[in-house]
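Below you'll find only one chain, the form predicted alone, shown as structure tokens.
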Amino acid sequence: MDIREGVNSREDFLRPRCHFMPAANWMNDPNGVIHWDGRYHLFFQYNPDGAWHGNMHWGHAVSDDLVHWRELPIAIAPTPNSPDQGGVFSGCMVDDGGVPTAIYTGVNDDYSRQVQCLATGNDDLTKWVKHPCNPIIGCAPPELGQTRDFRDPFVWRGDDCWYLLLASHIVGVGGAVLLYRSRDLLDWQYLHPLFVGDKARNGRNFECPNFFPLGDKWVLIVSSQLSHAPSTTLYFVGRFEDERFVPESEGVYDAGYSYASLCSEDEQGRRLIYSWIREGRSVAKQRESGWTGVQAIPRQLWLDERKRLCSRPVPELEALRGPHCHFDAGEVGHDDLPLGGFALDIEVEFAVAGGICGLEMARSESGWEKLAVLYDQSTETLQIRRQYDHDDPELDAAPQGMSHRLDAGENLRLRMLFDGSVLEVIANDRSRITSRFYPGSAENATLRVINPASVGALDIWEMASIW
């Protein structure tokens, strides 16, 4: 039996039912996301041996609607005695004149040598042939002062050439995104760093860069390793002129467990972002469960009038909405709400007039164990608080939060996707925190409002499984 057939059963209620994940084992970064011949293809870092990081392959799933996914056989595997013998790491995919082309990082057995490789696929993207010229980029520029962190190619087509970004860092300076140029996807010329961050503010090292036009601006997204937050996704908005990026503003894309994002454009012209949702439990617990890592619900990106990066789950997700409750202002009390469970889509608007407002989910009978989403107007912060009935060093319970300033006259609008052990929170389309919570019992399927007098409108839907 496919393990997913028991999703949200009493035995496996922590396993998400609306988010894609393979049937078992380890999954991390989305790779090679592409809309090809009318279907959405998601490739991803995958370890067929078990629920731990190692032996990286490209897994493969396909969807007609960005919601229901069908897992396919492994797409690209390491080849012994080759540039990717230690693992097929992250990368992207492009359409090269009708030929699906994957560009990825290959590594040796201890990951100390990281090079860039190319493979081409057949019409349905299920069979891949590695190019005999691999690696197509074999060494890091000496200005980095290091060679180990040199990975995650992102490729796009310019007016008369291809461009490629690689994530890295410059020793003693901070994270760096490197820019290359090619006519044929094989012979690459290194140009210069597209962007170099400040180590104290932007982190020591960058991973998984994305660079694309959005409206009249260009957006750079990187996953960063910060001293105060080990895995955070940052974005920068600016201009791309003379093969140089001129950043004009910056922000945090997600202040939680979302990482290693990868963007693509579909045939509708939508700019979509996919992300890996990390675990908040120990490696031992991950191995015991037999599965680890989740893909975030794909979101559509845009810039608002102030050039802030906004996002929203793709509207196709609403097809999973089932039983529904709606509450207007004054109709919500302090008791548990009638719709609860471990798969909910929630939209709520608060007329914030001071103090704290929010929602609590997955409360235990004692009321101590719970997952709370809070907005504190006094500090203008969006927060997530996690409490467990028993201290467990194998579960992360650290508070999460980020600045979220409301515009003049603006109410707080929250979109929350609660699914098994996953919680995705988006505030006013522009502030995001992804969290993980592992309640101790399937009976803790409750939902209640903090400061119900502040609610302007509340909608709750129970969600169907995608499997």
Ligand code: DQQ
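Because the structure is predicted, anything quoted here is derived from the model rather than measured. Heads up: residue numbers just count along the shown sequence, starting at 1.
In what follows, reference is made to the form predicted in complex with the ligand, a form of this protein that is not presented.
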>> So if I measure heavy atom distances to the ligand in the model of the complex, which of the stretches 86-94, 321-329, 372-380, 72-80 falls within 4.5 Å?
In response: 86-94
> Does the ligand come within 4.5 Å of any heavy atom of L42 in the model of the complex?
Replying inline: no
> Would V422 sit within 4.5 Å of the ligand in the model of the complex, counting heavy atoms only?
Replying inline: no
> Quick one: is L359 in contact with the ligand in the model of the complex, heavy atoms, 4.5 Å cut-off?
Replying inline: no
> Does the 4.5 Å heavy atom contact test between C208 and the ligand in the model of the complex come out positive?
Replying inline: yes
> Pick from W276, F342, F154, F350: which has a non-hydrogen atom within 4.5 Å of the ligand in the model of the complex?
Replying inline: W276
>> To verify the annotation, which of these, Y259, Y163, F236, F245, has a non-hydrogen atom within 4.5 Å of the ligand in the model of the complex?
In response: Y259
> Can you name the residues of 52-73 that have a non-hydrogen atom within 4.5 angstroms of the ligand in the model of the complex?
Replying inline: H53, M56
